[in-house]
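In the block that follows, a single chain appears as structure tokens, in the form predicted on its own.
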Amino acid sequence: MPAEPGPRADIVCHRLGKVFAGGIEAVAPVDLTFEAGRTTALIGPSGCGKSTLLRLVAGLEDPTSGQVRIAGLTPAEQRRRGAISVAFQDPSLLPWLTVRGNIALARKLARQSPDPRLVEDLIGLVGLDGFAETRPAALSGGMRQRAAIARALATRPDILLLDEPFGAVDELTRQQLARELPPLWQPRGTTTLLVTHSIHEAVMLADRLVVLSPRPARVVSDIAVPLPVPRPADLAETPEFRALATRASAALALGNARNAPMAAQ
């Protein structure tokens, strides 16, 4: 798959907020810009609003306040042109289609022309050679997740949104996927937004960490990750990696402490 750069696709969130029915505020109004071609990890405690923020960026939720613009267009406009792909924790592969069929379907749904060569390249790149004609029920959890990532990449998206994409697999497979899959989107300059509970995963994958408070999500800390790309497997043993992980952990603890009186009410 050629690593051709896509157009610049900054994601600009202006006073973006979400309140659900019953007055449950998931995301406090936030101002955030996710720079084109970079990978940003959203980390925070369970239920803090990370996934809601991601869904607002994807246009899968309507904001209560503010707006999202991606290269000047709304998320809905970007989705219509096939510029946004989303991969969730649950791969949600269609059980009656093979690996090849699931990946190819993404282009059809995005109203893009078939590209069998791209589909075959993606199958190989995610390590599923020999399983192209296999249905999801016969795949392991890690293999299904690889197929879901390949499906998300099949439209050559400018924006890749990942919601706990490795959360449903075992720890060894999770670490392997975190090492092997980013090179599929990084060379093309895809703007990537990752939701994760794992600080290790966030530091390993991202160029930037946005640490969120307990609900409603507010930005507690914004941490640059100046580590080499691609990242070697032994990077986690370095002082630089450990220092960033410690800083992110401290920011999470600070966010929890600030919200403790509010949570107790």
Partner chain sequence: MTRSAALAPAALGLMLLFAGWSLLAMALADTRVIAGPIQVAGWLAGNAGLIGRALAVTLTNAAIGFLAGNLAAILLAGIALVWPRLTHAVSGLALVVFCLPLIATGPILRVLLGPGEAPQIVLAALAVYYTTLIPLMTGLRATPAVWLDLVRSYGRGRLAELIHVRARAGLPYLFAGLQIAAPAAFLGAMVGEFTGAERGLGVLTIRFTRSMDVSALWAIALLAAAVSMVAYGAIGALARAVLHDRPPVILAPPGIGTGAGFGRAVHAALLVVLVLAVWWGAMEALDLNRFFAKRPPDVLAAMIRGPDAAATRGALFEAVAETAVFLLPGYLAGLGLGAGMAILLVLLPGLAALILPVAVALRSIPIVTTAPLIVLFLGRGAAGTITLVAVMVFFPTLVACLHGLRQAPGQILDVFQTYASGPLRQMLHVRLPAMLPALFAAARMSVPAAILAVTVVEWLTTGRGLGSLMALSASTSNYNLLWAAVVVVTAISTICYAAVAMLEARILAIYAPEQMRR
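Since the model is a prediction, treat every value here as computed from it, not as a measurement. Numbering follows the first chain given and starts at 1.
A second form of this protein, the form predicted together with its partner chain, is not displayed here; the remarks below concern that form.
With its partner chain left out of view, the stretch that reaches within 4.5 Å of it through heavy atoms in the predicted complex is, among 89-97, 116-124, 170-178, 190-198, 89-97. Contact annotation: A36 falls outside 4.5 Å of its partner chain in the predicted complex, judged by heavy atom distances. In the predicted complex, its partner chain sits within 4.5 Å of a heavy atom of R55. In the predicted complex, none of the heavy atoms of L128 sits within 4.5 Å of a heavy atom of its partner chain. When contacts are judged by a 4.5 Å heavy atom cut-off, L227 does not count as touching its partner chain in the predicted complex.
Looking at 72-88, the residues that come within 4.5 Å of its partner chain in the predicted complex, counting any heavy atom, are R79, R80, I84, S85, V86, F88.
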